[in-house]
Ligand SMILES: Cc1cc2nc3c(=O)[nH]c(=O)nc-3n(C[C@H](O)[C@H](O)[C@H](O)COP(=O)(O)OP(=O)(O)OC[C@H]3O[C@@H](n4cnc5c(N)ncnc54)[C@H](O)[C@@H]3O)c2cc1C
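What follows is a single chain, given as structure tokens, in the form predicted on its own.
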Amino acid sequence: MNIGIIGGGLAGLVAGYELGKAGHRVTILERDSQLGGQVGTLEVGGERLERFYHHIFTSDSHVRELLAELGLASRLVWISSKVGFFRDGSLWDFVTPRDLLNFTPLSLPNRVRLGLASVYIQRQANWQKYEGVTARDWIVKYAGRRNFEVVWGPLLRGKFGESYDKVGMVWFWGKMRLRFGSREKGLQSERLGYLNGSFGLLVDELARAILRAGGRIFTEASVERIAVENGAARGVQLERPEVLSWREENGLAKDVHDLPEDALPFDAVIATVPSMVFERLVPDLPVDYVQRLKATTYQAAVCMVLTMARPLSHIYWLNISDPTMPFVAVIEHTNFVGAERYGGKHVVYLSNYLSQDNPLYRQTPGDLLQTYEPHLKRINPEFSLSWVESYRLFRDDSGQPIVTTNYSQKLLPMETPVGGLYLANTTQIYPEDRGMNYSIRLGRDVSRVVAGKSRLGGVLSRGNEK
């Protein structure tokens, strides 16, 4: 089949990679100037790193299998992380059971109760029993109201805004199991994985494999609509149907094609775009299907990347447990991967999740940094804007699906009501949360669904058996 894939993030690239291996002709259409989505990279001190912070957990089997298949396993390193909390004007290490016992914003009985509740939930394998329960209700009942107010409540508010009390317990269950699953024996330090050279190397290798299989990749290719005739997808119409090219970057071969002014014809189309974008691309979708698309909403992700002359703290992942702070986490990448890899520069991500009507979401990078400055001084009283050598701001309107109770009933199948049209986006990742590992799984899953509709479907299925 001749298959068009809208979106050059991990899910789209993995789908293209798998379908290319099975003998299909794929065309990737990415509206950004580079591939990878949230795994897209920037450069600091001559080294690449992600625009949005990334690491993997020891349980992330899909990432590890793909890295091995693409010859990148030797670049993967495992590092003990430094996790902390900012609360009551102080930084608190939050790595070992001893750190929990030293966390004096909670009374000793509450510290013990928090630890027991954390261990209990990460040992639960049956997520279905939590489908009808909110994370807030479960935490208050089993961990206690004070633990919710001090630890988990501020994090839920920071991540989901006004929807914090509607988030399903299954989402929280998945987060706890993921993080505890990466702890070393005895529940001591957490070990996280990073790819030397950035996860952009994974994006590069996927693109190379697609091109070697005869596929095409176009960046800055924004899709205007998906062409539908007689109830079936026939192709896509680009917003700018002039000549586009895959520019030679990172060793990828130059691949230039003249595109026709009418819709690019395809036998099948895979859309890896957010639900609200998908609705816009296919205006004649059935009303009941559109209602299901709209049943899941998103928080936007806002990530400011600071390149600094000095470190902000000693912690890699600093959770902000203070509701007056305008960001939910400070991820100091160079407390995870050494600053020497980045020319001695220190890299800090300031992470936030906002609704698009939040005034902070539309602030310019400079104004937002000014907003953040006094709060960074609270983390480190010596901090000065003179430390900041450069700063960049990245936004993703669909950064985090809001996962509510009974979410399994809201999941959309990958096959849509339009023949030959498939949807694969982060709202369909469940019971786990979105992330690299599950975007890879999503890309593989949709490739199998599409291939199952073709004569070569059995070849692809057999090729992926473990």
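Everything quoted here is computed from the prediction, not taken from an experiment. Numbers for residues come from their place in the sequence shown, where the first is 1.
In what follows, reference is made to the form predicted together with the named molecule, a form of this protein that is not presented.
For the chain shown alone, Y430 is not a contact residue for the named molecule in the predicted bound form, no non-hydrogen atom being within 4.5 angstroms. When contacts are judged by a 4.5 Å heavy atom cut-off, G4 does not count as touching the named molecule in the predicted bound form. Taking the partner from elsewhere, L66 is found to have every heavy atom lying beyond 4.5 Å of the named molecule in the predicted bound form. Interface residue remark: G420 is not counted as part of the site for the named molecule in the predicted bound form, having no heavy atom within 4.5 Å. For the three marked residues, N110, N147 and L318, no heavy atom of any sits within 4.5 Å of the named molecule in the predicted bound form. Contact with the named molecule in the predicted bound form, judged as any non-hydrogen atom within 4.5 angstroms, is confined among 41-49, 26-34, 66-74, 409-417 to 26-34. Distance criterion of 4.5 Å from any heavy atom to the named molecule in the predicted bound form singles out V273 from the list I217, L202, V348, V273. Out of the listed residues L368, L306, A221, V330, A221 is the one that sits within 4.5 Å of the named molecule in the predicted bound form by at least one heavy atom. Applying a 4.5 Å heavy atom cutoff to the named molecule in the predicted bound form picks out L10, A11, G12 from 10-28, in order along the sequence.
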